[in-house]
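In structure tokens, one chain follows: the form predicted alone.
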């Protein structure tokens, strides 16, 4: 029987709102790490040094082939055995950032490889350094092609933040479970968490599509 209690729902709403802020912070920090590290991994895979290229590609495949949950556990619980002691927050953000950087590296790589060969040749003809070539010519043209994938992974990171609850990070699922255990009522907290995720994910996906369309129109690609 559906036994929804509005008074209880309003009572727990402030705690869930606070947890939403924690969830957004974790997702934003993890995504920022993934954006920067992912680009570095993508460029490293195009290195003329075969040894570096091999190591980076194998690293990317290893991370992509293992569960995020395992990586969270490894950083938080195994790290101290090697002298690396991190807080649950730091462990979670590093794990998310590292995991998604490998996926974003493939998105970046696809965008970089979509840049016409003539643009590469022009950069070489102008005697640009590797940094100048990527910063001034390649990356500005690669980003529009990569925007869709980058946006999708942003939403994906947000939906994966509940995994941080396993190491005690007070995000939405962790807070909802704590509320349910305290009051022996799980209907309201978990239903509200689902609504909050939808309320953030759906508009975010729409805004990403709008941003992608605007960027492509500005560059004359659409």
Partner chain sequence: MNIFDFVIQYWPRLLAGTGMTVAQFFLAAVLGVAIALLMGLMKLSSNKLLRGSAVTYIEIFRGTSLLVQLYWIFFVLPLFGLSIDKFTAGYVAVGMNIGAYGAELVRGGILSVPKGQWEAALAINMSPAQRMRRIILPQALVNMLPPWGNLMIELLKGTALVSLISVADLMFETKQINGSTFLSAQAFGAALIIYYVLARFMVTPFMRWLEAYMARKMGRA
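Since the model is a prediction, treat every value here as computed from it, not as a measurement. Residue numbers count along the first chain shown, from 1.
What comes next is about the form predicted in complex with the partner chain, which does not appear here.
Chemist: Is the gap between residue 210 and the partner chain in the predicted complex 4.5 Å or less for some heavy atom pair?
Modeler: Residue 210 lies outside the contact set for the partner chain.
Chemist: For residue 201, is any heavy atom within 4.5 Å of the partner chain in the predicted complex, or not?
Modeler: It does: once the partner chain is placed as it appears in the predicted complex, residue 201 has a heavy atom within 4.5 Å of it.
Chemist: Though only this chain appears here, would residue 81 touch the partner chain in the predicted complex if you measure heavy atom gaps against 4.5 Å?
Modeler: Flag for residue 81 set to yes.
Chemist: Taking any heavy atom pair closer than or equal to 4.5 Å as contact, tell me whether residue 187 reaches the partner chain in the predicted complex.
Modeler: Yes, residue 187 sits close enough to the partner chain in the predicted complex that at least one of its heavy atoms falls within 4.5 Å.
Chemist: When you measure heavy atoms, are 40, 127 and 131 every one within 4.5 angstroms of the partner chain in the predicted complex?
Modeler: Looking in the predicted complex, the three residues 40, 127 and 131 all stay beyond 4.5 Å of the partner chain (heavy atoms).
Chemist: Heavy atoms within 4.5 Å of the partner chain in the predicted complex: which stretch among 83 to 91, 111 to 119, 70 to 78, 134 to 142?
Modeler: Among the candidates, contact is made by 70 to 78.
Chemist: Listed by sequence position, which residues of 46 to 72 have a non-hydrogen atom within 4.5 angstroms of the partner chain in the predicted complex?
Modeler: Residues within 4.5 Å: 58, 61, 62, 64, 65, 66, 67, 69, 70, 71.
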